[in-house]
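Just the one chain here, the form predicted on its own, laid out as structure tokens.
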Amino acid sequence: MKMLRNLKSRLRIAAATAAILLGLAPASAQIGDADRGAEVYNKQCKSCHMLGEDARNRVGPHLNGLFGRKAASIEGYRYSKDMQRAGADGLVWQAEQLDVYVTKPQALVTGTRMSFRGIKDSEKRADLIAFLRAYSDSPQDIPEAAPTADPTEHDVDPAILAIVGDPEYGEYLSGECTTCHQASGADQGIPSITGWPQEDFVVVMQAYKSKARPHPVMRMIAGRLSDEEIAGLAAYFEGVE
């Protein structure tokens, strides 16, 4: 029976991970609002988990440095055997995994001791994850990929590059971009995208859209945008000084 339970747990983690990779799991639909996420944390998480300079383990482990942390890896905290097994099997907390876990903890780790029914509202989950992100060791590295890291050699369809973007429409769409990339052009770990040549912007976004570039958050954002919307954003950000 114990071997069967262990196998079921491993299969559930593998299935959830596969669903994340295939885009089938309930992933955050957007980059959340950290201020709203603080409210979610205070109402639903704070009684068990601590954050900040004096954070320590309570009913649940502290949540400092959560992003990129291997499951069940805080020394001295008494994790369930299933959570320990999940960590041994390679579960690492990133936005996608957190989104699945917060939706319904037992769906990812069957025997977790976290007695929490989950958050069904995808917007609230996205907000909470954005708030937790700020307490990671290097929050500026999430998202971490510099859009200028690769050369602009490409095979983007010339018809796409020929689309004339509407900068006013681009400004309307730009709010999600400036959640991370500062409109002022300041670069504090997340690269600036203001003043970019339009073609470079389009090429990079199309590379994320086609999954040629690996960054999961940028893939998600670019995948939701039409070619015309990308062109509009490119036109807008090229003119921002």
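Small disclaimer: the values here were computed from a predicted structure and weren't measured. Only the largest set of C-alpha atoms that superpose within 1.5 Å between the two forms is called the rigid core. When you see a residue number, it is the position in the sequence shown, counting from 1.
There is another form of this protein, the form predicted together with heme C (HEC), and it is not shown here; the text below is about that form.
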Original post:
Among Ile163, Val100, Ala72, Ala126, which has any heavy atom within 4.5 Å of heme C (HEC) in the predicted complex?
Top reply: Ala72
Original post:
Which one of Asp33, Glu176, Glu199, Glu39 is close to heme C (HEC) in the predicted complex, taking close to mean a heavy atom within 4.5 Å?
Top reply: Glu176
Original post:
Though only this chain appears here, would Cys48 touch heme C (HEC) in the predicted complex if you measure heavy atom gaps against 4.5 Å?
Top reply: yes
**OP:** Report whether the minimum heavy atom distance between Glu171 and heme C (HEC) in the predicted complex is within 4.5 Å.
**Re:** no
Original post:
Gln182: heavy atom within 4.5 Å of heme C (HEC) in the predicted complex?
Top reply: no
Original post:
Looking in the predicted complex, any heavy atom of Lys104 within 4.5 Å of heme C (HEC)?
Top reply: no
Original post:
Judged by heavy atom distances of 4.5 Å or less, which residues of 96-119 approach heme C (HEC) in the predicted complex?
Top reply: Leu98, Tyr101, Val102, Thr110, Thr112, Arg113, Met114, Ser115, Phe116, Ile119
Original post:
Is the C-alpha displacement of Asp89 equal to or greater than 2 Å between the shown form and the other one once the rigid core has been superposed?
Top reply: no
Original post:
Comparing between the shown form and the other one on the rigid core: C-alpha of His62 shifted by 2 Å or more?
Top reply: no
Original post:
Does Met50 count as moved between the shown form and the other one, where moved means a C-alpha shift of 2 angstroms or more after fitting the rigid core?
Top reply: no
Subject >> Sense of the change in Cα distance from Leu132 to Glu176 in the predicted complex - at least 3 Å versus the shown form >> reply: farther
Original post:
So the Cα-Cα distance between Met218 and Val109 shifts by 3 Å or more in the predicted complex; is it shorter or longer than what we see here?
Top reply: closer
